[in-house]
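First, one chain by itself: the form predicted alone, in structure tokens.
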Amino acid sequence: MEQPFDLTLIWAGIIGFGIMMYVLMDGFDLGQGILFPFAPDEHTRDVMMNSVAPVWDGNETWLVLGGAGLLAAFPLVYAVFLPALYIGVFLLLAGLIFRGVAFEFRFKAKTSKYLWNWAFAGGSIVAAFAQGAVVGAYIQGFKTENFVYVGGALDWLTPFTVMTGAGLVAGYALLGSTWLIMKSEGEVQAWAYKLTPRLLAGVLFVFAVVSIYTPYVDPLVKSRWFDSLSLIWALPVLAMYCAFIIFRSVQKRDEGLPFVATMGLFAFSYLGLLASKWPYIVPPNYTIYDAASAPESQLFLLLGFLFVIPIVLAYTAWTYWVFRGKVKSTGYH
């Protein structure tokens, strides 16, 4: 029976939305961990951790939703990505687990707090780097034959993926510093203001390199961007406008605008990457339709997701509303 709507396209939208929500929501609390070693004192670290304490575990709900949906709707992605990225995925999960444990133990530690500080920072940096390296591997593409990965276990680790990994670490740190500007005050906020322009410069450097590199690893991408002028060019222009807003708003000592503009920078960069590779979900060979599961499976799971996603969105919005306002080392006020 022919479906009246394109389930594969709907699922691609759901997965893309889930990944974007995870990057934006979990990015700023990973950013707190990345910035932990550079914090001037323990009071600053207390403020940083308290700023994300009510929301960090809820933010990771989007990773679970995105991963479960990807497995159900596009099983070929798992069949290729896991053999290709075993080590990267292991580092990602290990980092998230380790920082979660450190997060809880640091609140209770007395003499060993410094160890949990390093554990929290290390787990955050490793998780962010692994995510960025996976993005770089996606841009490079995968060696496949007959829907099977035929490359090596370390093919994903190249100078380019190391750079994208480091770039995402800087990007999450930028999200973290602008979040801290919005949620803190006094000396902590002043430190975040000082740090933000340096992080923005690092992110823009990686943005430029990826933008130059991507069209030359895939003829389709090069054709899409350079054969004719199209609306796709609005995405990098909007991303650069967001970067300008970040810089100007920090100069003017705005509190909320730097974080909002940083989220915009991430969103437009992400959309630019998707526009470059669309509709290939396992580049350079397989599209979303090649990777899709049976329509019956997609429809059955779609009914469940259409029920769950509004609940998660409502819970997220309620949590951020309840814990709005500034943060001190002793909590919100």
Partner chain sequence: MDLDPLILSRIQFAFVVCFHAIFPVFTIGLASTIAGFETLSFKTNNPVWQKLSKFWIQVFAVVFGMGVVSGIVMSFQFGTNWSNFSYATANFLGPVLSYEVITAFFLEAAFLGVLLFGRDKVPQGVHLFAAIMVATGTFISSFWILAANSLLQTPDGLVLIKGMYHVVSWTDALFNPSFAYRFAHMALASFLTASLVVAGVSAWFLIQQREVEANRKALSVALWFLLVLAPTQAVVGDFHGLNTLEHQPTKVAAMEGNWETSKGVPLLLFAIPDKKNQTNHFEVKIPKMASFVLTHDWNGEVPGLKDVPIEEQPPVFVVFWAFRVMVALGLLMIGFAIWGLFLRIGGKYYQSTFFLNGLRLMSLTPFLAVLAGWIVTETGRAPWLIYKQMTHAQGLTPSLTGGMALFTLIGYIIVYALVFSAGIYYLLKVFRGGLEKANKPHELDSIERPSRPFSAAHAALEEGEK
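Positions refer to the first chain, counted from 1. All figures in this text were calculated on a predicted structure; none of them were measured in a lab.
Another form, the form predicted together with its partner chain, is not on view; read the next lines as being about it.
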**Of Met240, Val209, Ala94, Val260, the one that lies within 4.5 Å of its partner chain in the model of the complex (heavy atoms)** = Ala94
**Asked** Of these, Val162, Leu220, Ala201, Ala79, which has a heavy atom no more than 4.5 Å from its partner chain in the model of the complex?
**Response** Ala79
**Message:** Taking its partner chain as it sits in the model of the complex, is Val308 near enough to touch it, meaning that at least one heavy atom pair lies within 4.5 angstroms?
**Reply:** yes
**Message:** Taking its partner chain as it sits in the model of the complex, is Leu65 near enough to touch it, meaning that at least one heavy atom pair lies within 4.5 angstroms?
**Reply:** yes
**Prompt:** Is there a non-hydrogen atom of Phe17 within 4.5 angstroms of a non-hydrogen atom of its partner chain in the model of the complex?
**Reply:** no
**Prompt:** So in the model of the complex, does Phe38 come within 4.5 Å of its partner chain, heavy atom to heavy atom?
**Reply:** no
**Message:** Among the candidate stretches 260-268, 292-300, 273-281, 30-38, which one is within 4.5 Å of its partner chain in the model of the complex when only heavy atoms are counted?
**Reply:** 292-300
**Item:** Triplet Gly122, Phe129 and Thr214 all within 4.5 Å of its partner chain in the model of the complex via a heavy atom
**Value:** no
**Request:** Could you run down 78-108 and flag each residue that has a heavy atom within 4.5 Å of its partner chain in the model of the complex?
**Result:** Tyr78, Ala79, Leu82, Pro83, Tyr86, Ile87, Val89, Phe90, Leu93, Ala94, Ile97, Phe98, Val101, Phe103, Glu104, Phe105, Phe107, Lys108
